[in-house]
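Okay, here we've got a single chain as structure tokens, the form predicted on its own, with questions on binding and movement later.
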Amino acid sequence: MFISLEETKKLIAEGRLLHIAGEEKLMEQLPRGNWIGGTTPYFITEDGGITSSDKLYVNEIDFAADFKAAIYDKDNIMNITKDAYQNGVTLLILPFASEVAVDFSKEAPNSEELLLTPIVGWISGFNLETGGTAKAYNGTMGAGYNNKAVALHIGLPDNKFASIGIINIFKYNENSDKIEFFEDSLSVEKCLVNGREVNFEEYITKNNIDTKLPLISDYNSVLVNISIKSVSKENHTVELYAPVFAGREYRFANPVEDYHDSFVKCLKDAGSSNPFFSCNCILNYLYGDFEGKPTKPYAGPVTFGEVAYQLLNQTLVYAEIIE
């Protein structure tokens, strides 16, 4: 639901269990209640993408048998699986560039427990033109955080279970250059290309690589994107939105002829679903020119990163409840 502040307050007052996304000035006005949320001014509604400072996107969670909200910092974020329900799903929100988000991005792919626990969510952000502070909110306590993550653990009835999906328009050519990195990092200087050490920035520049295309690694048949944040010719460094890992192979994604049309095709190929939550990456929103263009049946916040067990980039992530 893409609704006004007053409509959102009314739902909270009625005791509804909610997930809420909106600009900080709106989120700060919400009363205490059964909700968690995060900051973003970007949304994809049923009518298409929009930037808004006067409405919030609200998901009502009306299928919970039980629930509990929790707060995590960089020291205990990997304990999130211990708090999850045995039959349930967890919604997780982490502020952009916070220590807890960085630690989660680095540690999540190495956690077997995390990969077996249905966790979905997003990285909160701010208006790219005006700036701001990314926050996550625990509505049960009436508090917002720029350095802590907030999770809503949802227990499901015995006859229901959660399913998490990822829509990714990118693929790679197995014959393209194989890239490996020396350490787990969000900032890269040197790497191996087909076994030869090179400067990563110089490799990108020399080969005229389109930095709208992510690096891709195959995680047990799931393609995971690593998006390029910036390339500094002055410092000869490349900054990333998610970390690369030593010991993994990466390749740049194949070019896409039409970003938005490719996304629409992937939505059709994914088939029908009935998500109770979905989010889409800010890079998809910008590169695909999603303003005014819907992605039915997927609507929700536009985010600075997506969570489906681990941190993802340039994807659409969703969760549905199946009986």
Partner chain sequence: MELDSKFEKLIKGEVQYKSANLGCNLLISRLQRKYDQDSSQEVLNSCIQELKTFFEKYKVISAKDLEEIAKL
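Note that the structure is predicted; figures quoted are calculated from it, not measured. Numbering follows the first chain given and starts at 1.
This protein has a second form, the form predicted together with the partner chain, left out of what is shown; the following refers to that one.
Heavy atoms within 4.5 Å of the partner chain in the predicted complex belong, among the stretches 214 to 222, 140 to 148, 94 to 102, 193 to 201, to residues of 214 to 222. This chain appears without its partner; in the predicted complex, the one residue of 205, 230, 110, 173 with a heavy atom within 4.5 Å of the partner chain is 110.
Only one of 184, 73, 177, 239 lies close to the partner chain in the predicted complex, with a heavy atom inside 4.5 Å, and it is 184. Though the partner is left out of this view, residue 78 does not reach within 4.5 Å of the partner chain in the predicted complex, counting heavy atoms only. Although the partner is absent here, residue 247 is a contact residue: one of its heavy atoms lies within 4.5 angstroms of the partner chain in the predicted complex.
For residue 128, no non-hydrogen atom is located within 4.5 Å of the partner chain in the predicted complex, even though that partner is not displayed. Looking at residue 90, you'd find every heavy atom of it more than 4.5 angstroms from the partner chain in the predicted complex. Contacts with the partner chain in the predicted complex, taken as any heavy atom within 4.5 Å, map within 306 to 322 to 308, 309, 310, 322.
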